[in-house]
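First comes one chain, alone, set out as structure tokens in the form predicted on its own.
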Amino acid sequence: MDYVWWMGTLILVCMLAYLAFGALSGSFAAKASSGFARNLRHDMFCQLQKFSFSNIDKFKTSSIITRLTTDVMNVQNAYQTIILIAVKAPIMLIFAMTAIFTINTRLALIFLGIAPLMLIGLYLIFRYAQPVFTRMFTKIDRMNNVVQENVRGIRIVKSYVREEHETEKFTSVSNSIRNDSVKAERALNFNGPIMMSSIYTAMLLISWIGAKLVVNKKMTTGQLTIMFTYTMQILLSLMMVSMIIVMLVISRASAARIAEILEEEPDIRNPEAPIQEVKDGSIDFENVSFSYSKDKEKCCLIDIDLHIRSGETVGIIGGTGSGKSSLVQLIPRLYDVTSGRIKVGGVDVRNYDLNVIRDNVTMVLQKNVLFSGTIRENLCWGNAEATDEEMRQACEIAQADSFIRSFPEGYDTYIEQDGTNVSGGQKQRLCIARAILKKPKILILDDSTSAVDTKTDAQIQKGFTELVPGMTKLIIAQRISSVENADRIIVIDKGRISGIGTHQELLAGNDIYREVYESQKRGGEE
């Protein structure tokens, strides 16, 4: 009984230690996996901030969101599971196998014979399930895209009574994900039966051969009993290992998608010794051609040769798809030229520090974006240190101050995400004010007054001329009235410059400009 008490106490101590270490390992695993997921999201998000427009074009918004959420969660769960049992399972397996070989080598060889069959089964499961999970995550991207489009365009959906169509579209992609999920999970469910059948086959063989050994007095009943105990430990260890394999199958597809973001090389980078100052707002295009696909045979801008003086106001007119937006997006290096070069302040834009050139070249894009927060907070994107007086002056130039003051809370009025609680014209004027607050050397308005009336548009242009005279201004517009008072007007047609001159010069010498002017004048008279 002394021996029983001693061993019983030792077992109790071991079990309490097992409990304590199990609790600690669970806590540490949760912290480690959560920290890992946080770092992974942080690195992915920081990598996204380095992407140029061409890099962002490569990944859909819905896909990026899925990778930052669902895929990271899959990897986090796999990581937590692995660090919980990756040490425990192999150690249990090694000790149990060692003990079995110590007791009876002949019986231990049974496991060595069954192990290859188990590995083959796991490999077949892995090979079948992996492509299905990869396909399923791609479909999740598509589903998120459907949801995103529907929520953002819910007003259009309702106005066109397309709720049923959108529901069918969502149901279709959702069912497709369900079918792939069922296929993958059905394959993974074979993992348990393969493990169990292998181990219980081993137990049956041990029982049969062990019983003969006991009868022939080559083995004791106690040794046979302990063989079963160690067999169960081996079963538990193998189940843990199979769990790791299952988690790896699920997370491998997610890990590959995450790696695509992290390994994507930004197309536009800082030079080795970047220039930190832009001297003035002059712009020079020297034989510039540009293609989004980098294919010189498919250029949307061809042999652009253009010189704009600092402080000059230049209008840009052209048909849809003529290359107007592509032209101005090359100036702050949102894209890089395919051939030729662009100089700002007499220096090739590729020699500037990216932050410096973009701080000095501010764009108000066709798609105006306001962020959730107050009007004041949105204006501070242009200048975080701007005073109330500076904000008011910028808003007066952009013809936004009057409607802001009409709101009960004025500049502290809350703007919903994407500015859904203000009109299109108000949104455009707020974006123009935000750009003016930045006080850049070059201001580009890419058709950013299309939603305001002609009177307000004229007042904005007058404000530019009188209140920010030293700033180089490039104004892309569809209306002749928006650019007719510019110092010069550029007419672009099919990626080439068709004409440059003042309003009167182009009326006299450019057929495209005259045709646009006459059609708009005729429409106005009617």
Ligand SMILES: Nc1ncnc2c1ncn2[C@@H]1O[C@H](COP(=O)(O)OP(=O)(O)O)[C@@H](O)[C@H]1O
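Just so you know, these numbers come straight off a predicted model, no measurement behind them. Position 1 is the first residue in the sequence shown; the rest follow in order.
The discussion below concerns the form predicted together with the ligand, not included here.
Heavy atoms, 4.5 Å, the ligand in the predicted complex: which of 118 to 126, 325 to 333, 261 to 269, 172 to 180 makes the cut? Say which one.
The contacting stretch here is 325 to 333.
Under a 4.5 Å heavy atom criterion, is residue 192 part of the interface with the ligand in the predicted complex?
Contact check for residue 192: no, nothing within 4.5 Å of the ligand in the predicted complex.
Residue 321 versus the ligand, in the predicted complex: is there a non-hydrogen atom within 4.5 Å?
Yes, residue 321 is a contact residue.
Should residue 407 be classed as touching the ligand in the predicted complex when contacts are defined as heavy atoms within 4.5 Å?
Judged by the heavy-atom cut-off of 4.5 Å, residue 407 is well away from the ligand in the predicted complex.
May I ask you to state whether residue 292 is within 4.5 Å of the ligand in the predicted complex, using heavy atom distances?
Answer yes; at least one heavy atom of residue 292 falls within 4.5 Å of the ligand in the predicted complex.
So, 57, 300 and 366: all three within 4.5 Å of the ligand in the predicted complex by heavy atoms, or not?
Yes, the whole candidate spot contacts the ligand.
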